[in-house]
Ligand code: G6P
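Here you get one chain, nothing else, as structure tokens; it is the form predicted on its own.
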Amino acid sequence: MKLVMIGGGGFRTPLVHSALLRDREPGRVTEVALVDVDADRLRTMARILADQAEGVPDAPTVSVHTDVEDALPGADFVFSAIRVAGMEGRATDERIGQSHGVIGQETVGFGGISYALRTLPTVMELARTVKRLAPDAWVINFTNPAGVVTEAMSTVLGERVIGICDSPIGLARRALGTLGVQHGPDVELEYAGLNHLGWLTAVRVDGVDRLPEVLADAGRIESFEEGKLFGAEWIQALGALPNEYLHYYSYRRDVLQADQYAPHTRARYLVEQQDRFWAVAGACEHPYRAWQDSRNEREASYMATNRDSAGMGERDVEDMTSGGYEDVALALMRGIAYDQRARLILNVRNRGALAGLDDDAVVEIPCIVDAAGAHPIPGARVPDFGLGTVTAVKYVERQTIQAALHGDRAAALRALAHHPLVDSVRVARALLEDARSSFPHLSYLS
């Protein structure tokens, strides 16, 4: 199979490559085409992957391209993982948000909307190009905000675009870890919501829901990251395990205060850290080792201000294990290409599976994957207390898409003003104007 990675010069590319190197099954990916606008990073990334593949027999061949049209022909799968305006754009969103007293995180609230507004025109062009040059390819979207981007791309690609996020499976693995259970074929997860806005509501092991055992034990809850972040009392009050990004909603004042007291924003830290990494990786003999060191440093500082606001301190090593989005992506590809049935939590069109949202709304729920694609499993349920938030945020997502696809400034303003983390129309208007003046990408909003 041929895999094309859009944004292949991005930092997480070696995670995907690691899954490909572990895959020794017949029909595996044998060709990887990296596409990126930054030729220098592409060359360095190719060296990192070559170093990573050292000693692995029959590793996939890797090619690099700065023109997507050169890479797409013959693609079986296309990964989209782009960052329009780069990490500096994320830093700008965080600065603008803080200047107006709102959270500027890149996928939640103002930051997510701003990121989407400058990203959607680019991914829509990508969707049209894929449909023209690789009409039989499946697009697996990692580009944030994943739910919004996947829904917009689905207007061109239909069911052939599927979004992936590792937050739900990471949450589930940590909860299972407290039970001494590993995620496997005997485990079924019930999870429902939108990307970065969902809840784990059941963990069935051999048909028995074990989540009540976790929820009944405060010590067990606070033994893993989400439990420490939200606190056992609140999680027990909810009766479900929230996605870590819901911390921005449940503790917005605390997070904002921690952000304001922090010596630098998350993005500003990443800009400096990544600059150091690329300089070292571009010159050293073993760039993959440099990548591993940088990744460990990056993971250790993940959601640092949220942890500070909760008084959590340093991350535990166990919590730093990723959700394994690269393994989910591999299972998804194999499920489609070889009809290897799998149950995965994905971002897909609802098609009646989740009550309260229409068929075309992209939701994050368990799906069955087979040769025909990803099929949402009917019966997913958002807890009653979350229904209003999910409905409001889906409205925001669709107004954001309306703004980006039609150059509709009023829709962008509606998106910002109706987001639960923006508390004033005046503030929404100021945020929009600051974003428009900061990003040439938003000049289309008239």
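All residue numbers are counted from 1 along the displayed sequence. As the structure is a computational prediction, the values presented were derived from the model and not from experiment.
Keep in mind the form predicted in complex with the ligand is missing from the figure; the text below concerns it.
S.K.: Quick one: does residue 234 come within 4.5 Å of the ligand in the model of the complex, counting heavy atoms only?
M.R.: Because no heavy atom of residue 234 falls inside 4.5 Å of the ligand in the model of the complex, the answer is no.
S.K.: Verify the contact flag for residue 133: yes if a non-hydrogen atom of it lies within 4.5 Å of a non-hydrogen atom of the ligand in the model of the complex, no if not.
M.R.: Contact check for residue 133: no, nothing within 4.5 Å of the ligand in the model of the complex.
S.K.: I'd like to know if residue 160 sits close to the ligand in the model of the complex, meaning any non-hydrogen atom pair within 4.5 angstroms.
M.R.: Residue 160 lies outside the contact set for the ligand.
S.K.: Quick one: does residue 173 come within 4.5 Å of the ligand in the model of the complex, counting heavy atoms only?
M.R.: Output for residue 173 is no: heavy atoms all beyond 4.5 Å of the ligand.
S.K.: If contact means any heavy atom within 4.5 Å, which of 280-288, 206-214, 165-173, 350-358 contacts the ligand in the model of the complex?
M.R.: Single hit among the candidates: 165-173.
S.K.: Every residue in 81, 110 and 441 with a non-hydrogen atom within 4.5 Å of the ligand in the model of the complex?
M.R.: Verified in the model of the complex; spot residues all out of contact, no.
S.K.: With the ligand left out of view, choose which of 251, 245, 224, 138 has a non-hydrogen atom within 4.5 angstroms of it in the model of the complex.
M.R.: Partner contact (heavy atom, 4.5 Å) among the options: 245.
S.K.: Taking the ligand in the model of the complex as the reference, which of 298, 183, 118, 268 has a non-hydrogen atom within 4.5 Å?
M.R.: Flagged contact: 298.
S.K.: Looking at the ligand in the model of the complex, which residues in 126-160 have at least one heavy atom within 4.5 Å of it?
M.R.: The one in contact is 144.
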